[in-house]
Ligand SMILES: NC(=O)c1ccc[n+]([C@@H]2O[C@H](COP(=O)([O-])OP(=O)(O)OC[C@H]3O[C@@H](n4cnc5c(N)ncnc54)[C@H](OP(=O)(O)O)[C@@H]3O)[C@@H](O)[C@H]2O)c1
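First, one chain by itself: the form predicted on its own, in structure tokens.
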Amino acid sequence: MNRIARITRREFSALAAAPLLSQVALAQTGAAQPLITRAIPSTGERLPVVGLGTASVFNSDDEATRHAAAQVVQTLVDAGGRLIDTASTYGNAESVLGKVIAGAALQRKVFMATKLEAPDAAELQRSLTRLKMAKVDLLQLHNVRDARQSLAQFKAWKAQGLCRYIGITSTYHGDFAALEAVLAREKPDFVQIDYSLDGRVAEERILPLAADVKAGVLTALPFGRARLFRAVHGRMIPDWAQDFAGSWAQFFLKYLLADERVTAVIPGTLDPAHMMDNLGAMHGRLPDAAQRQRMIAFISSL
């Protein structure tokens, strides 16, 4: 039996704190197996399927946050990850990331995504300055609410080389109709939505449309704002899931990644041990369709 399946998220953090045990923890999550990547539909460029979200965790530009952020980002990169997602409105997250990435000379090793609240040149320049970058990989219009929203300016910035891809986002289900309209009309490279094992609205509404327009999908809030961890507190991973999930985090993330329409998951964390745990989901096999249904039934029964 996989030993890691018997420990909690907190116990995983304690295990991974020691350098030697960090290697053991990575091995037990399946990190010795090939890295799972997905193609960005509009170009075919491949991305590792587990990234890093920064909402609510990188807000403060202080020494403690920068130190933790440096460890988390280095853990991501060392394990073969690339994608980091932030936004102009995530407190000081862009500034923290800019200092950490430039300080470690990681600009060429990360796939940087950020978000703007509007197609505003001043807001874009502020983001680039804070990130210490001349361009970003993915520039997203944040929290789409208007079905008539145009991405013309974002497309112009892409043509100018200020970003390589453009996207749209929403984690508000009441705005999904507007998101769908913009997605269908503007056909961006990416769409970012909330999607979790206990929050599956996107499966029926957004994922099919994204596939139709060849948009990559990034999934925010993959742990359901920590609801899923609370639901399984004190429980062991079921026997039938232990050959594909070495921890609860991997159980939850692999449910999402088993849908090939999902390009990458972007759980947020400021804990390098949690980052390591999450990264285990980009190794090993993914659950099949029957197992995904069993995962839904298991969580629904709690």
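Numbering starts at 1 and runs along the sequence shown. Please read these numbers as outputs of a predicted model, since none were measured by experiment.
Heads up, the form predicted in complex with the ligand isn't pictured, but that's what we're talking about next.
Undergrad: What stretch, of 104-112, 179-187, 121-129, 139-147, brings heavy atoms to within 4.5 Å of the ligand in the model of the complex?
TA: Result of the contact check: 139-147.
Undergrad: State yes or no: in the model of the complex, is some non-hydrogen atom of Gln153 no more than 4.5 angstroms from a non-hydrogen atom of the ligand?
TA: Contact check for Gln153: no, nothing within 4.5 Å of the ligand in the model of the complex.
Undergrad: So in the model of the complex, does Trp157 come within 4.5 Å of the ligand, heavy atom to heavy atom?
TA: The answer is no: Trp157 has no heavy atom within 4.5 Å of the ligand.
Undergrad: Give a yes/no on whether Asp259 approaches the ligand to within 4.5 Å in the model of the complex, heavy atoms considered.
TA: Because no heavy atom of Asp259 falls inside 4.5 Å of the ligand in the model of the complex, the answer is no.
Undergrad: Taking heavy atoms only, is Val49 within 4.5 angstroms of the ligand in the model of the complex?
TA: No, no contact at 4.5 Å.
Undergrad: Let me test this: is every residue among Gly53, Ala249 and His274 within 4.5 Å of the ligand in the model of the complex, going by heavy atom positions?
TA: Yes, because Gly53, Ala249 and His274 each have a heavy atom that approaches the ligand to within 4.5 Å in the model of the complex.
Undergrad: Exactly one of Leu162, Leu221, Ala79, Met133 has a non-hydrogen atom within 4.5 Å of the ligand in the model of the complex; which residue is it?
TA: The option sitting close enough to the partner is Leu221.
Undergrad: From first to last in sequence, which residues of 226-245 have any non-hydrogen atom within 4.5 angstroms of the ligand in the model of the complex?
TA: Contacts from 226-245: Ala226, Phe229.
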